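Given as structure tokens, the chain that follows is alone and in the form predicted alone.
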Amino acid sequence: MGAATPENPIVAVHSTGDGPSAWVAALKEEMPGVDARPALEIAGDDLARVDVSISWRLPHGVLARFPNLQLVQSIGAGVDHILEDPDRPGHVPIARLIDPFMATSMTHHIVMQILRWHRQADKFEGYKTEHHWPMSEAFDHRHLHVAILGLGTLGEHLSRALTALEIRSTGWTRSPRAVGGVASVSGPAALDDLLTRSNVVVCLLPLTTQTEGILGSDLFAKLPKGAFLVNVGRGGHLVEEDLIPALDSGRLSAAALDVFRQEPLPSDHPFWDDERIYITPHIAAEVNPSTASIVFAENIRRIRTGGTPTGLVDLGRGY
């Protein structure tokens, strides 16, 4: 794919948070001999030697500095942080991370939030301070039905896990996508029908112009009263000003949010003080350098031998 691999190629690595050092070390352990360096430290003639960028939230304009770039690899399932770069070389393919470790981690988080809501964990933890021992509760999982918006790798993994727990679920996609053993529907009309019979909604959609703001008052109005919302997609999926009114009206009973339009969530944001909103700091699916580097190393090999990387993004659709 693309131009020939530069002589003595370099992999440019960038990550926010703890920085690129852990990623460089993990990649070198998985792929001995690879020349992997922090992207922001590469300069001069070495810029032309970069053939692969592996990054999370690389500052805009940096990708354009690599004239022989052949692959932009995301450290994560999302690629909107790459697509937002106005100077990104448009001809270079983009790959999202498909890592079984991440799918399992995401599933654990979502199942934890659903069961926390279903089993009323907050209420029972409050009984401890009262020294109260209620014995009249029954939690009937047969009444749960989870609508999974987005049926990619993460959604498929979640669906199978819920089935193993005897919790019904149906996946939804914009266009038809058959997944063996997983109930699914597609299209706008099917979404409306699915919402009316789902008391839990999980958003795992990519963020595109079509999905921006999908979690808003129009969608909430179609749900049964007292439904539960889980957003682990992107902050842009939620119309934040519509959430608290939906909770106040009883249309939603609670919401678990791992992603927000502004991260970190501002300290004066009203979500912090609302006990009906469970907040986690974008940790639903940790990316593990040691397992992700297996995927990265394979994609580097494929690019350098003329193969096709895994997780390639359809640039026309944005995912």
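Model, not experiment: these values are computed from the prediction. Just count from 1 along the sequence shown to find any residue number.
The form predicted in complex with another copy of the chain is left out here; the points below concern that form.
Although the partner is absent here, Phe260 is a contact residue: one of its heavy atoms lies within 4.5 angstroms of another copy of the chain in the predicted bound form. Of the heavy atoms in Asp45, none are within 4.5 Å of another copy of the chain in the predicted bound form. Interface residue remark: His145 is not counted as part of the site for another copy of the chain in the predicted bound form, having no heavy atom within 4.5 Å.
Shown alone here, Leu40 lies farther than 4.5 Å from another copy of the chain in the predicted bound form, counting heavy atoms only. Note on contacts: among Ser105, Thr153, Thr170, Ser186, the single residue with a heavy atom within 4.5 Å of another copy of the chain in the predicted bound form is Ser105. With the partner omitted from this view, the residue of Ala284, Leu63, Val50, Leu27 that lies near another copy of the chain in the predicted bound form is Ala284 [heavy atom within 4.5 Å]. In summary, the region of this chain contacting another copy of the chain in the predicted bound form, judged by heavy atoms within 4.5 Å and restricted to 268 to 276, 246 to 254, 28 to 36, 53 to 61, corresponds to 268 to 276. If you check another copy of the chain in the predicted bound form, you find a heavy atom from every one of Gly17, Glu125 and Asp140 within 4.5 Å. Taking another copy of the chain as positioned in the predicted bound form, the residues of 109 to 136 that bring a heavy atom within 4.5 Å of it are, in sequence order, His109, Val111, Met112, Leu115, Arg116, Arg119, Ala121, Phe124, Glu125, Tyr127, Lys128, His131, His132, Trp133, Met135, Ser136.
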